[in-house]
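Shown below, as structure tokens, is a lone chain in the form predicted on its own; questions about how it binds or moves come after it.
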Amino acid sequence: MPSFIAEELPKLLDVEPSNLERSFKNGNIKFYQSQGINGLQFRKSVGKIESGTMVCLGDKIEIIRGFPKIRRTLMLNPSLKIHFNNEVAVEEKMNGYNVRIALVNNKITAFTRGGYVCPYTTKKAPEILDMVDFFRDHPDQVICGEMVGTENPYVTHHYREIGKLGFKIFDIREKGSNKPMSVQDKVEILELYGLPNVKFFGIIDIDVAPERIFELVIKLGMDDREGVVIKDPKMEIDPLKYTSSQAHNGELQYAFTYPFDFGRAFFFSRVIREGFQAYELEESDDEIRTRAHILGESIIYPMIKTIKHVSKDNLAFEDIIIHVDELEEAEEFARHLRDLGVVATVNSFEQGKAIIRRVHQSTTDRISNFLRGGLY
């Protein structure tokens, strides 16, 4: 057991030494090295320290806390009035991947939700955003945002105002403490430095918030957008999220394209959301029938398409497009995906355009087995 974990780390994190030692022995805290970052990666939460936390070692110890899990409400009306006080701030929830960007060892570095340094995002984020002035003036802050677009290598989604790749900021938090900036202060500081905030719908009185949020989410869904995050304006109460029916069905379509690479909880939770949403909106029989029809198509059509594809001795795969300067950068990103447990290779590279092939091995193997008569 390294002395740093037993003696210094408990003081830095204000966590019991025995909890840290046990987590280290169980492999939930691991030494990690990537992109010039050496540190300790928290694979699971330890006490109040979130999973995805990185303790970066060097001349100065930098603690990049994991992004807290945002809980979901299934029933807007009672949840908002129980959970919040007099008013709520409402922002758009975007469909991409969660990234924390911080200044570590004088380099702007991007951390994924799990606490990995993403080489692609670390390179691309400074090209998309000019963060130099912000981090010069606020080196102890962490930018939390969503990488989105059709060339987002983790979660591809089209936003007409984004195009291939973009970044939207939803939080600014302190290193070490993870204390978030208030919504209004965040909006003002992002405007000052010319940095892009997620769409801010305003601060709404709690008595009218459920109705207003329903209207917003229905409109967002019709535009094939995900939903909203509902916050305490002072950020003293944990936020909640609420998503559109279109988002639920889009996720089910993707997951049932590769049905054996996702856990059952993934499928179940999205179906549950549909049921509670239909109930709270007091939908008619015809509206419920339409919702059920769309839900069923989201499940059965992509699955049958994949079964047919694998039946012809094909792999279940998806191709991810990224633009990089050199082949080595594409190969580095593929290695990063493999570190995450993903089967990924560079399928082609030409004139800066790389195609990363991600194979869904479990879906391929299990469908092949069942097609040969294997039992479920």
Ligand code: ATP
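From 1 onward, residues are counted along the sequence shown. Values in this document were obtained by computation on a predicted structure and should not be read as measured data.
Heads up, the form predicted together with adenosine-5'-triphosphate (ATP) isn't pictured, but that's what we're talking about next.
- The candidate site formed by 24, 30 and 55 is entirely out of contact with adenosine-5'-triphosphate (ATP) in the predicted bound form, as no residue has a non-hydrogen atom within 4.5 angstroms of it.
- Between 70 to 78, 289 to 297, 215 to 223, 123 to 131, the stretch whose residues reach within 4.5 angstroms of adenosine-5'-triphosphate (ATP) in the predicted bound form through a non-hydrogen atom is 70 to 78.
- Within 4.5 Å of any heavy atom of adenosine-5'-triphosphate (ATP) in the predicted bound form lies no heavy atom of residue 248.
- Taking the partner from elsewhere, residue 234 is found to have every heavy atom lying beyond 4.5 Å of adenosine-5'-triphosphate (ATP) in the predicted bound form.
- adenosine-5'-triphosphate (ATP) is not shown here, and in the predicted bound form it never comes within 4.5 Å of any heavy atom of residue 135.
- Although the partner is absent here, residue 253 sits far enough away that none of its heavy atoms falls within 4.5 Å of adenosine-5'-triphosphate (ATP) in the predicted bound form.
- Checked against adenosine-5'-triphosphate (ATP) in the predicted bound form, the candidates 116, 258, 84, 170 yield a single residue with a heavy atom inside 4.5 Å, and that residue is 170.
- Proximity to adenosine-5'-triphosphate (ATP) in the predicted bound form, defined as a heavy atom within 4.5 Å, holds among 182, 98, 156, 105 only for 98.
- Taking adenosine-5'-triphosphate (ATP) as it sits in the predicted bound form, the stretch 81 to 112 comes within 4.5 angstroms of it through a non-hydrogen atom at 91, 92, 93, 94, 98.
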